[in-house]
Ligand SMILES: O=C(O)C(=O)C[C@]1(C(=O)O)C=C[C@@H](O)C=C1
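Single chain ahead, written as structure tokens, the form predicted on its own.
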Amino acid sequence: MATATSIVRSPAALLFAKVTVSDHKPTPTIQISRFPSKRSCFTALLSSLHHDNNNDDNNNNNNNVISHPKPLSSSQLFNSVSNGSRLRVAYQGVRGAYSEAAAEKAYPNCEAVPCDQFDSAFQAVEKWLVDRAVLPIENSLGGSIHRNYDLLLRHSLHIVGEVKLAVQHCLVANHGVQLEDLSRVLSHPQALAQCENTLTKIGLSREAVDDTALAAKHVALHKLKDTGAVASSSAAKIYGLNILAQNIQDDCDNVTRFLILAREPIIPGIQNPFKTSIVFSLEEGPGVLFKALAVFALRQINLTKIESRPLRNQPLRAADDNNGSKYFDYLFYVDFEASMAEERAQNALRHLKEFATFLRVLGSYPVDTTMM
């Protein structure tokens, strides 16, 4: 089981300390769709980084230690946007995806780089192919994106911000196709779930694909006459489709929260509202989870998110009884409203470490208080 050896003494110590992870494994080679074949400014850099990363992987395998680079400050993070610097930001999907809109909301001057899978976006940041990744983590109707919770633990990136995006789904089809001509609809499973009532009333069968914009692209590319897609108005425009119906989601308050990921953490501040995300595991015992959550309540720290995921490398544990029964071991992901620059947050995590078998700070970052 993974264990953490760092001791909480300060925000910098907790965010940037070396963390021992016994089950750390090198990640596979990345694949990014539509990535430019030549970028001369990156050629020499990537060559040297590939060599360095191989050495780092060997060191990590030998020492089981993940060491993080020098962090960015909060002011550096914001200046990178305001001074017009063209950051490269990875997102999952193809052009017209909601994730692309989220990336452009986070960094209006960015070069948005599409990736075929969530894992590819994580690896693109780790391999220095891009500067940031913007990936969905939860939706107000569809719930959590469990895959990205698992990837947060598998990779060593840091959460440096969040983006909240209002999602407005459209039913789109090729020009000349009427609503009554449709028999099925394609889209991402989350989008189909968010429009379930509307699609049921229309009487359309549903087929899941990797993302909403890919569904629109597929309908357009194959000139389908009996199939529509649930996608954004932007995707309809990009792929030359007609919008048959707008705002077809079951709830008008349909919001997706995205995380901004980077190689380096930011130094948390106290001037603006901050949120901190952590993941931890606990020993089995009566009231242990209650004690874990009480460390925040005792310090008047508000929890905004709790997510549990089975511990993948050790999912089952034998119970201390004569029946041979087993139960799940869990990882708990928690978001709370406090900056790691605050003493109360440091004290809460110091208290939590007294009975946590594993604890990792995923990031302490500014709260997104805007809505699109």
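Keep in mind it's a predicted model, so treat the numbers as computed, not measured. Residues carry their position along the shown sequence, with the first being 1.
Omitted here: the form predicted in complex with the named molecule. The next part is about that form.
Visitor: Any idea which of 191-199, 261-269, 283-291, 171-179 reaches within 4.5 Å of the named molecule in the predicted bound form, heavy atoms considered?
Guide: This holds for exactly one stretch, 191-199.
Visitor: Between the options 123, 227, 139, 249, which residue brings a heavy atom to within 4.5 Å of the named molecule in the predicted bound form?
Guide: Filtering the options by heavy-atom distance leaves 139.
Visitor: Please tell me which of 129, 113, 110, 145 lies within 4.5 Å of the named molecule in the predicted bound form, judged by heavy atoms.
Guide: For this set of options, the contacting one is 145.
Visitor: Suppose contact means a heavy atom within 4.5 Å; in the predicted bound form, does that hold for all of 156, 278 and 361 with the named molecule?
Guide: Not a single residue of the candidate spot has a heavy atom within 4.5 Å of the named molecule in the predicted bound form.
Visitor: Since only the chain is shown here, I'm wondering whether residue 167 would be in contact with the named molecule in the predicted bound form (any heavy atom pair within 4.5 Å).
Guide: Residue 167: yes, in contact with the named molecule in the predicted bound form.
Visitor: Using heavy atoms and a 4.5 Å limit, would one call residue 118 a contact residue for the named molecule in the predicted bound form?
Guide: The answer is yes: residue 118 has a heavy atom within 4.5 Å of the named molecule.
Visitor: If we define contact as a non-hydrogen atom of the residue within 4.5 angstroms of the partner, is residue 97 a contact of the named molecule in the predicted bound form?
Guide: Judged by the heavy-atom cut-off of 4.5 Å, residue 97 is in contact with the named molecule in the predicted bound form.
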